[in-house]
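The chain below stands alone and is given in structure tokens; this is the form predicted alone.
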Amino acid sequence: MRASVGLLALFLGSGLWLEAMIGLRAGGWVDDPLRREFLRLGHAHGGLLALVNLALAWAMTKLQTPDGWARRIRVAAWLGALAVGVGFFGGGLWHGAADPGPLVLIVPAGAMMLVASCVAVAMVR
């Protein structure tokens, strides 16, 4: 659960940084619409998925998920949230003329890890 709170702090902090760059009209951050969009996507998805991780931790406690399963689910959900947020951030920082950068390719893998974690929490007894 601490790792999920840390993940939440990381992505909320990145959102504060991004808003400061936009507010200060820092060159390179605001001029590039694709970069700005993907940085916002990374911040928003990372923060919300960190909250999903906290909800999963609470649900596993309430549903009394066995420790072996809970450990694996926590790792998959945490890595999934991190992959989605970092994938969007990286896709925005290093991108081509009209396409996001290659790091955006880890976003679907992270999303699938989170979906699998939710399904596992719902099904494991």
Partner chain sequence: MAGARWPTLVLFGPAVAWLALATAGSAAALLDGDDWGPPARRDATVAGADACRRCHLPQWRSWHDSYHRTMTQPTAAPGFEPAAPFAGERLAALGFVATLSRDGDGRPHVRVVPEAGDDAGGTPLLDARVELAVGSHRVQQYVARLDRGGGEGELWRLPLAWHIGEARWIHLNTAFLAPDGEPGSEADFMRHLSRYNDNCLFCHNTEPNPGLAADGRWHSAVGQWGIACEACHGPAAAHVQRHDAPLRRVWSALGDDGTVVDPQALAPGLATDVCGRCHGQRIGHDIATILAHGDGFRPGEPLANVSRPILRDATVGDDPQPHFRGRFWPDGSARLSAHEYQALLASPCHQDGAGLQCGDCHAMHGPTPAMQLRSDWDPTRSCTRCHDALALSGATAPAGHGGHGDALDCVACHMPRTSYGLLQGMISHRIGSPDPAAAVGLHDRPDACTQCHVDRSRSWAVASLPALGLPAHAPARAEDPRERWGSRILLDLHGGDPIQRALAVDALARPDAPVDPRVRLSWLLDALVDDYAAVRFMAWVGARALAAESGLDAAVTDALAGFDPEAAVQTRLATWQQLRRALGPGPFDDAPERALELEASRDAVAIWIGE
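Residue numbers count along the first chain shown, from 1. All figures in this text were calculated on a predicted structure; none of them were measured in a lab.
If you look for the form predicted in complex with the partner chain, you will not find it shown, but the lines that follow are about it.
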(message) Would all three of 55, 62 and 82 be in contact with the partner chain in the model of the complex, where contact means some heavy atom lies within 4.5 Å?
(response) no
(request) Consider residue 30 of the chain shown here, and say whether it contacts the partner chain in the model of the complex, taking contact as heavy atoms within 4.5 Å. (result) no
(message) My question is simply whether residue 120 lines the interface with the partner chain in the model of the complex - judged by any non-hydrogen atom within 4.5 Å.
(response) yes
(request) Spell out, yes or no, whether the shortest heavy atom distance between residue 50 and the partner chain in the model of the complex is within 4.5 Å. (result) no
(request) May I ask you to check whether residue 15 falls inside a 4.5 Å heavy atom distance of the partner chain in the model of the complex? (result) no
(message) Under the 4.5 Å heavy atom criterion, name the residues of 76 to 103 that approach the partner chain in the model of the complex, in sequence order.
(response) 76, 79, 94, 95, 96, 97, 98, 99, 100, 101, 102
